[in-house]
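Before any questions on how it binds or moves, here is one chain, the form predicted alone, in structure tokens.
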Amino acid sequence: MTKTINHFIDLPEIDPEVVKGIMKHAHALKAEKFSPPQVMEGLSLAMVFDKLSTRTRVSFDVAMKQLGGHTIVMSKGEMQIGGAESIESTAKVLSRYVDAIMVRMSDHENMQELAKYAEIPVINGMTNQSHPCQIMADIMTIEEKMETAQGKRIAWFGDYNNVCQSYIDASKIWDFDFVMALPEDLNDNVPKGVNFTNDAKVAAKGADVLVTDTWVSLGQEGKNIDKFWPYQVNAELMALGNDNAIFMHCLPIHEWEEVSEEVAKSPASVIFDEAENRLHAQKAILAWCLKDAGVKLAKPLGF
């Protein structure tokens, strides 16, 4: 079998039809959630963290184990990476021990360097630049609630961050209308060609999905949030959306800053469906990453 290294670092690096195929497989795997196929029997996933994590750690750990494989979890403080040992050496050593690496780290360039030297798939569990696994779960949730993301209006409120960037990437694959509402002093951060406004009500009007994230990300403790209050997703903003508009948030929520308690706990909120879908989307990502990796799979992956 010819070995192909399928890294899952950023959505634009993968053929759009392949990404859609991974998504289709995620839906199929969710349908088998109580009897997941044991395709990863005997395979190992290294999970490397330099940031705190709940959903990424648990969802990847359970995903690999549900598929029949096993995991080893390491924090940056438990490894030599970037300290006594180079990223290149770490990549080559891990390639001899495990079958894939999931990394959640701040520095996107370090992750790219790890993938450059790894002889096994590397999966982006999150960097400061992008969060593609989260967006796969988000699109999966939108498809469950609305059948398709294509043609929908998705409005983002607050800060420009890694999740927002991955939404921008996803909009080109699933062909949805993405608009950002953010403070004026962040206008220069917005990539060219992306629709944005400084008026939250303008963004919310006619939206099918209203989505936000914390205004203070990990490592930004003490950040002044005064300028973000006009972008809180509250009942007034939700009322401007289309009938049956949904609210999304990747979690954790800073109570009750970026979203009001009323909205977060309303029937429109799908945040826990979204969180569960991290598990199923990541099973599909693992399956795609490993299907051509030269390892022995217990049975065909079906896509």
Ligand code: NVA
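Given the structure is predicted, the values throughout are model-derived calculations rather than measurements. Sequential numbering from 1, following the sequence displayed.
Quick note: we don't show the form predicted in complex with norvaline (NVA), though the next part is all about it.
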* Indicate whether residue 190 is a 4.5 Å heavy atom neighbour of norvaline (NVA) in the model of the complex. => no
* If you check in the model of the complex, is residue 217 within 4.5 Å of norvaline (NVA), heavy atoms only? -> yes
* Can residue 165 be called a contact residue for norvaline (NVA) in the model of the complex at 4.5 Å between heavy atoms? -> no
* Any chance residue 99 has a heavy atom within 4.5 Å of norvaline (NVA) in the model of the complex? -> no
* Asked: Is every one of 155, 171 and 208 in contact with norvaline (NVA) in the model of the complex, taking contact as a heavy atom within 4.5 Å?
  -> no
* Asked: Which residue among 48, 64, 250, 26 has a heavy atom within 4.5 angstroms of norvaline (NVA) in the model of the complex?
  -> 250
* Quick one: of 197, 161, 110, 95, which gets a non-hydrogen atom within 4.5 angstroms of norvaline (NVA) in the model of the complex? -> 161
* To do: Work out which of the listed stretches, 217 to 225, 142 to 150, 197 to 205, 172 to 180, brings a heavy atom within 4.5 angstroms of norvaline (NVA) in the model of the complex.
  => 217 to 225
* Asked: Using a 4.5 Å cut-off on heavy atoms, which residues of 105 to 131 contact norvaline (NVA) in the model of the complex?
  -> 126, 131
